[in-house]
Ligand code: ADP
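Take a look at this single chain in structure tokens; it is the form predicted on its own.
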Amino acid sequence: MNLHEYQSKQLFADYGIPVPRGIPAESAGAAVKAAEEIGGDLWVVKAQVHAGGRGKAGGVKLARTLEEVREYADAMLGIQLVTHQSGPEGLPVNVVYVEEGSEIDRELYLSMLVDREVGRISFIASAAGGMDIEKVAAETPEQIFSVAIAPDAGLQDYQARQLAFGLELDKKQMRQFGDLIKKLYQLYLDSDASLIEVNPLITTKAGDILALDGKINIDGSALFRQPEIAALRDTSQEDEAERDAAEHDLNYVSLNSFYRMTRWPQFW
């Protein structure tokens, strides 16, 4: 089961993982109220769909006025957003996420998944994060590295340092990063996740670490242990055949949905 960005970030915040302040909205008016509540003079309006590539598809807009917040939210809500992961039919936008603007210095990539070749949870990271991470994976895979976690030992400090060095973080950021990935690892275990992705994980101009995006996939076979997370399911984002199968307690995953949920194999 996939979670929306705003749902994933709420879980991040619950675990003390730093995220920008944001509020989901289901109407243009609610988006404006969200921006007013957040304050400031720079907001990001993000379409909430279970697919990556939103920015290049027009699903992420930077607003400098409340009128722009209204305009962008109104343009997104109710459409079928087509990205390179959604398929040609696109996915419905029923919610937008209004978030405070961030002063980005660098964009990094970080994710967690089960590496079935070694039978362990692994962190995958790259100093070349952002919208072009898939191009990086295809053309310069040497810029992407991984660290596997032994289940009996858990995440070790030296592994956190190894990841931090690979991301070229300074001493202050290394401390923040070490705290962040420990919390991320605990969230992964507690939520029965199959994938957690932060792209981008940013360093701000003030020198801090911030999860600017968040995607979480939950192991469907473990949802009986996760009633609160299961309640977050958005069936409008799912293939109709998958919904029908779930109603009869059957496992069925269409090829398009499988691709959206498992982009990570291209990194190996």
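From 1 onward, residues are counted along the sequence shown. The structure displayed is predicted, hence computed values, not measured ones.
There is another form of the same protein, the form predicted together with this ligand; it is not shown, and what comes next is about it.
Although the partner is absent from the chain shown here, none of 1, 50 and 87 has a heavy atom within 4.5 Å of this ligand in the predicted bound form.
For the candidate set 79, 148, 131, 189, a heavy atom within 4.5 Å of this ligand in the predicted bound form is found for exactly one residue, namely 131. Of the listed positions (199, 226, 204, 217), a single one reaches within 4.5 angstroms of this ligand by any non-hydrogen atom in the predicted bound form, namely 199. This chain is displayed without this ligand, yet in the predicted bound form the stretch 57-65 from 217-225, 234-242, 22-30, 57-65 comes within 4.5 Å of it by heavy atoms.
In the predicted bound form, this ligand lies farther than 4.5 Å from every heavy atom of residue 194. Contact between residue 107 and this ligand in the predicted bound form is found at the 4.5 Å heavy atom cutoff. Proximity of residue 212 to this ligand in the predicted bound form falls within the 4.5 Å heavy atom cutoff. Under a 4.5 angstroms non-hydrogen atom cutoff, this ligand in the predicted bound form lacks residue 168 among its neighbouring residues.
Along 100-129, residues 100, 101, 102, 104, 107 each place a heavy atom within 4.5 Å of this ligand in the predicted bound form.
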